[in-house]
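First comes one chain, alone, set out as structure tokens in the form predicted alone.
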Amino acid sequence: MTSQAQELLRSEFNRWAKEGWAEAMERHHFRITEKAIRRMELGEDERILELGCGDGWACRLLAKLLGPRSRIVGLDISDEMIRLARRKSEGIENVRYLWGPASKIDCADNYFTRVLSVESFYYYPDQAAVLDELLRVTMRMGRIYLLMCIFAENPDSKRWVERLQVPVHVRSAAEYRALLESRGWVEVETEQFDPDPDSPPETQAHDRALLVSARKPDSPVHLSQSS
């Protein structure tokens, strides 16, 4: 990701933090995040990266679910979001936050057992570079889970994209499978969450999501240069 692209994302999500949109993200995406977490089959000793953590609401949810033996790290490009996250997470000893781009994560190789990304992966201009970095920091046999409401099969994506002030990717499930496989991930699976037909329309719009999951191989991966 170029420095210009990083600054554009940082500026936009700093604005979101100052205008209180972080709380709205939690309200809109709590239900689909709970579904995704159930798919992760987590234990008590997990080391989890939450990519694009915003104000840390999902990190705090994970910390509460898993208990003190887990280690949760939230990463965000927005320094204002990270300030909010640190303030809201005071006293939670197994959660910490990092400020920086998703393509350069300040963590050791092969560290995380799981990676969760809620409504952020489509913002990264160079998604291949981010997947390569996730491959580096995820332990062998570890898994990633990318949860997105903006994807080609969702009819609401077009109107959401038109409202955003930054460019995003709108890929299909098949395109995401191909992308992850091209970067060395295996057992790539996609699942679409559909809204409850009895829910109100404003709820249904945010309950339709795509979950892309994959596993890091148990042998070294040799990659070509990211495009």
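Don't overthink the numbering: it's just position in the shown sequence, from 1. This structure is a prediction, so every number in the text was calculated from the model and none was measured.
Separately, the form predicted in complex with a small molecule exists; it is not shown, and the next lines address it.
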Look up in the model of the complex whether Ser120 has a non-hydrogen atom within 4.5 angstroms of the small molecule, and give yes or no.
-> yes
Is there any non-hydrogen atom of Ala102 lying within 4.5 Å of the small molecule in the model of the complex?
-> yes
Any chance Ile77 has a heavy atom within 4.5 Å of the small molecule in the model of the complex?
-> yes
Verify the contact flag for Leu49: yes if a non-hydrogen atom of it lies within 4.5 Å of a non-hydrogen atom of the small molecule in the model of the complex, no if not.
-> no
Just one of 34 to 42, 54 to 62, 186 to 194, 168 to 176 has heavy atoms within 4.5 Å of the small molecule in the model of the complex; which?
-> 54 to 62
If we test each of Tyr124, Tyr145, Tyr97, Phe112 for a heavy atom within 4.5 Å of the small molecule in the model of the complex, the one that passes is Tyr124
